[in-house]
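Just one chain follows, in the form predicted on its own, and it is written as structure tokens.
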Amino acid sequence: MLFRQTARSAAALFGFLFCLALAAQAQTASVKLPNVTILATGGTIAGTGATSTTTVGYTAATVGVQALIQAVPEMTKIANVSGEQVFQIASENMGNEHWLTLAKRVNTLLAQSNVDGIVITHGTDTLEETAYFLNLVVKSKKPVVLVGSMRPSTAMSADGPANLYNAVLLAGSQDAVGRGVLVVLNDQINGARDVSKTNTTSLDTFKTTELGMLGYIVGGKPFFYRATTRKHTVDTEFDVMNLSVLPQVEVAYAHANVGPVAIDALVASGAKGLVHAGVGDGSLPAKVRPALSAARKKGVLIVRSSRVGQGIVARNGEANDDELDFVVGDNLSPQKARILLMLALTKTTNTRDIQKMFWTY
């Protein structure tokens, strides 16, 4: 009698455990991995060196996108990954035409229901600029993540594989939806508008020194602590899908004893806009002010920025911007102010409207 009761209890327990196993299997099967597309553009993350200790003097942009994917097989556990080779260049060669091609491809892919997020591998030299450009022209809330590395793929301590894994993880995360274009390296998440490369060679070069990073990636999960308040992606007025060229905008860098030569040459070259990377609070040296004023009278849009790297350029502070009909660049770096001015000029030449854009984006 006792034996039959024990047998029935064991059978019941076995049946219960079997049902739990089936439920767990069904739940695992129902977990749908996100579809992430990697768009490769070259850079150090795709670079190779002569030896495993070569971390400077290597050749950028030699490894193709499929090889990058195959080097990180762990990505298949967190996403359905596909790849496209958009460009194969060192990022110092990134130009307006590359940005337009990349933006159009990103928008086309994100409009597809079978694409949940995009990772863009990129050289670090101009990564922050490409990120901000896309932050203004991508028309989707789906995650777009830029990633690079400071050491080539052949280095014994290459940071590219871990960075790429984290980028795919972030691009496939619902936590990243609607946050604008993101930059992830060294386990840190930064926003496209505010991040800058701050060191020539160190792994933690990408920082938002003034306002702080958005979050971390720890233990295979993104943790966000901050969000940008500036409009981006679907909330901007910029659309590049029908553009084939961007207005010429240049940057003139200020320094002690600076004169008008660079400004005059840039205006003569056909620039439609000029960002003055001034000293301090965007100050205008006495030898420069007449050249900028003359350029504005010729129809060239002038933005006062600062070479300092932090802080807001005060309107009507170091110059009477109302009288000169200048725009101030808020706290954007000169290189990012150039990007916003280019896009602004595709919409208007009215300085008041463009100033509003600089306060908005």
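Quick caveat: nothing in here was measured; it's all calculated off a predicted structure. A residue's number is simply how far along the shown sequence it sits, counting from 1.
The same protein also exists as the form predicted together with a small molecule; that form is not shown, yet it is the one meant from here on.
Contact check for T37, E84 and G117: none of the three has a heavy atom within 4.5 Å of the small molecule in the model of the complex.
Stretch-level contact check against the small molecule in the model of the complex with heavy atoms at 4.5 Å: of 43 to 51, 331 to 339, 306 to 314, 291 to 299, the positive one is 43 to 51.
For the options N190, T124, N163, T130, the one in contact with the small molecule in the model of the complex, meaning a heavy atom within 4.5 Å, is T124. Of the residues S153, T233, S173, S91, just one reaches the small molecule in the model of the complex with a heavy atom at 4.5 Å or closer; this is S91. Shown alone here, S149 lies within 4.5 Å of the small molecule in the model of the complex, counting heavy atoms only. Looking at K197, you'd find a heavy atom of it within 4.5 angstroms of the small molecule in the model of the complex.
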